[in-house]
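Below you will find one chain, with nothing else, as structure tokens; this is the form predicted on its own, and questions on how it binds or moves follow later.
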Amino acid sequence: MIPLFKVHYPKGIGKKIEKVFSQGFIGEGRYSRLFEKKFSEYIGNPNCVLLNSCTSAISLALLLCGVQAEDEVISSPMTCMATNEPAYNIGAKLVWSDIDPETGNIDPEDAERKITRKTKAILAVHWAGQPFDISRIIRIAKKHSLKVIEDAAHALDATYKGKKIGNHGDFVCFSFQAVKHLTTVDGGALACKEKKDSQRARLLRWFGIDRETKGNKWSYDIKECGYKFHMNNINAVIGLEQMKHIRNITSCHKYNSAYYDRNITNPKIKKIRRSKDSQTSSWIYSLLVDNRDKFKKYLADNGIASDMVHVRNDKYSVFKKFRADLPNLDYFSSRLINIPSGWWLSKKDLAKIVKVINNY
């Protein structure tokens, strides 16, 4: 079976982990700081804050946006639960925007229609690594004095208008979870537009304490309660080793995606629409097909793994009070299936996948 996901395992990584253990300091430390610096340099934004998950990044972003109980956050249900649960846990009202049925990304026009005086932020996902229309969302946000939070869990190394994702919205949230482009087993990062936000985020990630403070640490005053959202040295040293391979990993994903774009020609299968303004990171490769279960079985019978990966959040009981009429999401989510697009695919695998799909 050609797998849908595979964990990247750099050679010799075990020895690096052993070294950290032997040094006796496995909490947040110099490896965490170094990984934060390397990742910041890689995406081109110095205001990056290393965290223990993308969920923590979204939680901090909402807090930095000033979102409180009863405030409204416009978001898409077409995502992992990790995108929307942080807003729910604050006590905010999730207002669902419909999506573009050809990309799975937030529909800017519908998002703007949903804005009220209670709206504080627009939280939007780059579905499968294909950037949403960032310029339009930012224009809408500025018009209504809102903040933009990008969920870039799928979008490491994607670009929009010549810049890497991580340099556009007010806050951009990355995931280093097990099967992402860059894995630290679990982890994440928050990229901030403003330096002051990143400075506050660094305090909040560790109970409100400045870890770089000099002098008597017992006399330090905590002015704002924070969280245990930091990344430890073990996860960080894994991240540092993965960073040595990240360009090759993401290049493979992009190459494979472009190969599918060119060669999948079955009229029964609909591909995600691409934009000239952006380049996908293709964490997964999404297709739309009628009778998805039949197609999924057909792929499995031919040795190809596939899955929906994420289920629309508005179907869950926990979010039932936020339900809305979302016809484009109905169309997209009922047909969505994702096929392998990662670094582990050989040219033979790619040719087989295309042939099987075109013969469906």
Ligand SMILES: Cc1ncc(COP(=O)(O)O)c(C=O)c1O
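Small disclaimer: the values here were computed from a predicted structure and weren't measured. The first residue of the shown sequence is 1; numbering continues from there.
Same protein, other form: the form predicted in complex with the named molecule, not shown, and the subject of what follows.
Just one of S198, S278, T83, T103 comes within 4.5 Å of the named molecule in the model of the complex, counting any heavy atom, and that one is T83. Between the options N233, T250, S257, T79, the residue in contact with the named molecule in the model of the complex by a heavy atom within 4.5 angstroms is T79. Using a 4.5 angstroms limit between non-hydrogen atoms, N266 is distant from the named molecule in the model of the complex. In the model of the complex, the named molecule lies farther than 4.5 Å from every heavy atom of R312.
When contacts are judged by a 4.5 Å heavy atom cut-off, H154 counts as touching the named molecule in the model of the complex. Looking at Q177, you'd find a heavy atom of it within 4.5 angstroms of the named molecule in the model of the complex. In summary, the region of this chain contacting the named molecule in the model of the complex, judged by heavy atoms within 4.5 Å and restricted to 234 to 242, 87 to 95, 177 to 185, 221 to 229, corresponds to 177 to 185. For the stretch 42 to 57, the set of residues having any non-hydrogen atom within 4.5 angstroms of the named molecule in the model of the complex comprises S53, C54, T55, in sequence order.
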